[in-house]
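The chain below stands alone, shown as structure tokens; this is the form predicted alone.
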Amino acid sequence: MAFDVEMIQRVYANLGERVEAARQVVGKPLTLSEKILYSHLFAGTPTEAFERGKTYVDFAPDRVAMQDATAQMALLQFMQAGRPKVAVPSTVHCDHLIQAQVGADEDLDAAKNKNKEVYDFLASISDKYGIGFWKPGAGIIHQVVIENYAFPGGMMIGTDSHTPNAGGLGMIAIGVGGADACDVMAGLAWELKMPKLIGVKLTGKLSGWASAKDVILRVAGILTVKGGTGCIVEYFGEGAESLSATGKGTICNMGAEIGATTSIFAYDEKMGDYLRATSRAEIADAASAVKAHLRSDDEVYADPAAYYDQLIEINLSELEPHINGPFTPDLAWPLSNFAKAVKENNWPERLEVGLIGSCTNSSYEDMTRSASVAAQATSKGLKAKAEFTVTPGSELVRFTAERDGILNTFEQIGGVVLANACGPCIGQWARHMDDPSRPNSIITSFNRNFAKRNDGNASTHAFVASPEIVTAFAIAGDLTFNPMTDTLTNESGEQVMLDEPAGIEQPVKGYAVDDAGYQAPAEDGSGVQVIVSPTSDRLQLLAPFKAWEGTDLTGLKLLIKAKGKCTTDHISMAGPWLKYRGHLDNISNNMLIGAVNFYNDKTNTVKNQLTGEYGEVPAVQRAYKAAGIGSVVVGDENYGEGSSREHAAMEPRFLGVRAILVRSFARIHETNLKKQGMLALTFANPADYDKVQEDDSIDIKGLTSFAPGVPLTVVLHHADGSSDEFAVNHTYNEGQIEWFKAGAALNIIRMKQAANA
């Protein structure tokens, strides 16, 4: 079925007028991204041009999507806003809290029992405030969204960093923190710095073992984990039009790994085919009627270098399958070079587990291509030598794949089908290992492979590839195997080769499902009661953060100087901690426990300046809070990359950290810090990072005249009586400075709602 058809029709009704107005104010032809951005201004019809990378702009997204781990905090915040119903169509998807342990049915039953309190809370609060609710087992948020809600030319925000998956259907879809989602659901503008644009021209056509996944693996190798920061990546060219809609979604999904604001493709026949296959023919027809506005202007395609801030060109006909990793998603290896890299770097050659699925690669097309490889193994007398797991992206895909015999094909080579949920991709994996400290290798079709990401084990070398490459490697059980050139020994002792994978984009018999798992909200939620037990260790109502005291901050203690990569997984781990996503006090006990302390190269052990002793990071910070002393966290480059989880900002705020001072920030995390009333600061001179000492007391000056574009001053008071003073930069605009002064953006929302009541 098609959801929110009237809203989509309104978007298309205004599109032509707004695009033409934008073309006039910008004064030149427009890219697709610019057309969608300018047609979604909170003020309506464009009246001025905005400078890319500099101007903050207020937008009006069409919808909001939330997964269950982040929805808890987002909706706890929304409860404080005072509205009777969400202002835009919104959904909650229960996909993060299901642990992969045995198999789909058993794991889903265990999750429903273990998480009943949370699921009941999310179901009831969704019912009350007019939010669509997708039950546990319905599927992974991004696959469900592309199957049901994404539409060409729309704008969506979602409380998960892989929200850009919807770009596969031509939608600007951006990952945000729960506070941003709360703003939009409350009817307020959503603020974003006008993104820069990276154009990726795709020529040629994929063939053989190469897949859409290899496009983004290659792009990640080119741009690195921060090369897309502050940018929208826009794909175009005849190569782009040859890719399926879900293949496009895979590419957009993993754009989060290069730090991109989002990624997008222009509307084409492949998107129309997918919309029709998923029972949305009327949306395909409506999009086709405004197709000229759902692609860049012809002049842009004729001379792309003149319209994009950066241009990359990839010939799909020459693209080789890639394997990225370990420990970072941008370490890109062409398949032909991978075996050599494994040997030269002494990575464990024996592959222990291959995992396919996740929000990135769990479409019907992905399943059929992988199954074609698995079927060959059966016919040629091969079994998977590594453990092999399959995670369908949604109940629609799972049901259809089971009907068509695809899941049975995987099971014949020893595959285990897991629940329609995130599972191992986000650390929800009860992995069976004899020795978790033993160096080992796994390969996945997921999107992230940071240390400890999948199984919590720092010694696990995780690699990322397409589902069909993962399947081939699982059959071989060997990372030095190249399915394009190498043979395998079958059960009869014969040497056999795997043929190229083959798949189909849409099921021949059409999609089918008995129960997709959707619960519509009550027409009138005023009588629905949302109950949160005061004794719960899973859910906790929020108390507002205190407003700024009106003075400079002095006498702050250094909590930790983080060394090297510090992602949101390091700041607020997932895995077993996901159960506390709705309880700020309890989840704060994981704050920065994964960050490496610069002074001892250890995790979760920092010096308590009040006692001189070393302790766990959360415990030391709680001691400072109890003593009424604020603190500062110092970090390195791209601090806060990875997941959108706002808990990584809320935990330090809750425990009394006053400022995060780093060499550079990842976009979402910087915004999350601002939303929670924190100071997000960067060294004006990155070398000043080296001046910070373990026993420092820190002053932050200039706050009484806090203004956009004006640096603040940090003074380090060292234990030997000396001091260092230097400038620090910030990107706060006037509205964001008001968030800081009020104590949080939510405090301003609540005050405005009260004034309008």
Ligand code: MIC
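In this text the structure is predicted, and so the values were computed from the model without any measurement. Heads up: residue numbers just count along the shown sequence, starting at 1.
This protein has a second form, the form predicted together with the ligand, left out of what is shown; the following refers to that one.
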The one residue among Ile698, Leu712, Leu37, Ala69 placing a heavy atom within 4.5 Å of the ligand in the model of the complex is Ala69
Using heavy atoms only and a 4.5 Å cut-off, determine which of Lys213, His93, His669, Arg453 is in contact with the ligand in the model of the complex.
Arg453
Look up in the model of the complex whether Arg581 has a non-hydrogen atom within 4.5 angstroms of the ligand, and give yes or no.
yes
I'd like to know whether Glu468 contacts the ligand in the model of the complex, with contact meaning heavy atoms within 4.5 angstroms.
no
Is Asp180 part of the interface with the ligand in the model of the complex - any heavy atom within 4.5 Å?
no
Classify Val300 as contacting or not contacting the ligand in the model of the complex by the rule of any non-hydrogen atom within 4.5 angstroms, answering yes or no.
no
Only one of 157-165, 346-354, 235-243, 524-532 gets a heavy atom within 4.5 Å of the ligand in the model of the complex; which is it?
157-165
Contact set, 614-648 vs the ligand in the model of the complex - heavy atom within 4.5 angstroms:
Ser643, Ser644, Arg645
